[in-house]
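The chain below stands alone and is given in structure tokens; this is the form predicted alone.
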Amino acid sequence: MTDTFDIAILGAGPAGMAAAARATQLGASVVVLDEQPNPGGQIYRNVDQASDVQHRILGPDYSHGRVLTQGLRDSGALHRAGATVWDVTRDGVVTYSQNGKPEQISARHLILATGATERPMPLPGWTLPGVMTAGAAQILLKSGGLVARDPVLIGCGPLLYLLAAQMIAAGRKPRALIETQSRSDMWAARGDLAGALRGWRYLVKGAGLMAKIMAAGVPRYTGARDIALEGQGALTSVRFTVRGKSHEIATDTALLHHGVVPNTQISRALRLDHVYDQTQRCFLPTVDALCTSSEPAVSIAGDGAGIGGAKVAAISGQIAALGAACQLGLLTPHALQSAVAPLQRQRAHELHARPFLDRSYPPAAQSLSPADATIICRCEEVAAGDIRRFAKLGCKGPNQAKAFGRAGMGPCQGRFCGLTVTELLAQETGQSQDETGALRIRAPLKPVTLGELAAYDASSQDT
């Protein structure tokens, strides 16, 4: 028999945990489904199990996650960990696997709190052993206390500075930072500086990270171009140019990062409305002030609706819970307005610095338009030049590109290549990214064994 709840929350990061705690306070029956064994999401991964040394290295912002995990435990919401969601319907039916066994629940309202994923950074040689994302390095640090030895950090954005500072605190400073943002990017962001000053705490935090990096003597190269990861069988060096001068740094580990983007796999599968954001250079689900999507029974909270960070995600989770509770008749419209207004003001305050950061650290032009020989679809080994060739043959969108060359048809379902395919086709055809569109996502959202499918079919027939 399928369990039924008022609200099902997909994801146990800051948005999901905060939503669960607030929704249960309002009297809703709540289930939280999350793929990880413990709550926290990526930002607070393993926060309850991390050692004192890990908490010292990762800092107080990371440790704050224990407040949210405790709130989830105290809420009374049913938390189903290790649950891999692989199908979701608009009428609130969620199918997932747990311990290799298929399960299904239904809910009157869905809150998607699936967070963000790192933007792909396709560079020559990025598929070599020894090349990882900065997010993967953080997973190793948070989950196992493992710190990469002598890596080169490549890309742009605050996460690179945070990771570098954490590595320094762990006693293993990076060999170098190779950054793609330039002085012209900072100049282009000058119009957003006044707003950023209203969110001055983020600027002070960034300045503190930079001070640690400089005090540790980590070399920095800004405005890097023509980045190439080199090696035969494994990474051995990084080549790049800065203001016309060539550089090469020997290393066996490179960590790539140039921002994060909303994880829209489920919102895409549900055929919710999305729009392309030219500043964040990604597709965003359309949501209103209460985090409600184009489908009234589906809300999207946290970074899955637009990148804002952990604090904004937790606030958005509460707003989504309040909106859902009002829809379900657990809260009057007047009580909703009274409760949500201060949260919306707090959320707006936390977002003051975001436009300045987005413009100061844009995605690298080299990765938005990779060289022809650069692999962009790692699953199917499709290169950027292949996509350009498909466009010349009449391909207009990423779903049509599947028929031309299987880009986006591998196990990751376009998580690594989808945005790049859209960018390349838009460049070649002269269409906007909205006109070009995104990869169509279908169930199963994650790889499922034949045994799980057979067991699911058998159980559905029994009922």
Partner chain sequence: MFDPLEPQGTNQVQFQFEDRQLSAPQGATVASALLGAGITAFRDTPVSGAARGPFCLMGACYDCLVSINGVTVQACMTPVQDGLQVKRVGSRQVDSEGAV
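This structure is a prediction, so every number in the text was calculated from the model and none was measured. Numbering follows the first chain given and starts at 1.
The protein also exists as the form predicted in complex with the partner chain; that form is not presented, and the subsequent description refers to it.
- The closest heavy atom approach of P411 to the partner chain in the predicted bound form falls within 4.5 Å.
- The closest non-hydrogen atom of G306 lies beyond 4.5 Å of the partner chain in the predicted bound form.
- Contact check for I441: no non-hydrogen atom falls within 4.5 Å of the partner chain in the predicted bound form.
- The partner chain in the predicted bound form is approached by G145, whose closest heavy atom lies within 4.5 angstroms of it.
- Per the 4.5 Å heavy atom criterion, the partner chain in the predicted bound form is contacted by stretch 29 to 37, the sole one of 421 to 429, 390 to 398, 29 to 37, 60 to 68.
- Exactly one listed residue, out of R149, K205, R225, H247, brings a non-hydrogen atom to within 4.5 Å of the partner chain in the predicted bound form: R149.
- Proximity to the partner chain in the predicted bound form, defined as a heavy atom within 4.5 Å, holds among D358, E179, D252, D386 only for D252.
- At a distance of at most 4.5 angstroms from the partner chain in the predicted bound form, all three residues V131, L140 and E380 contribute at least one non-hydrogen atom.
- Heavy atoms closer than or equal to 4.5 Å to the partner chain in the predicted bound form belong, across 33 to 60, to the residues E35, Q36, Q42, R45, S51, V53, Q54, I57, ordered by sequence position.
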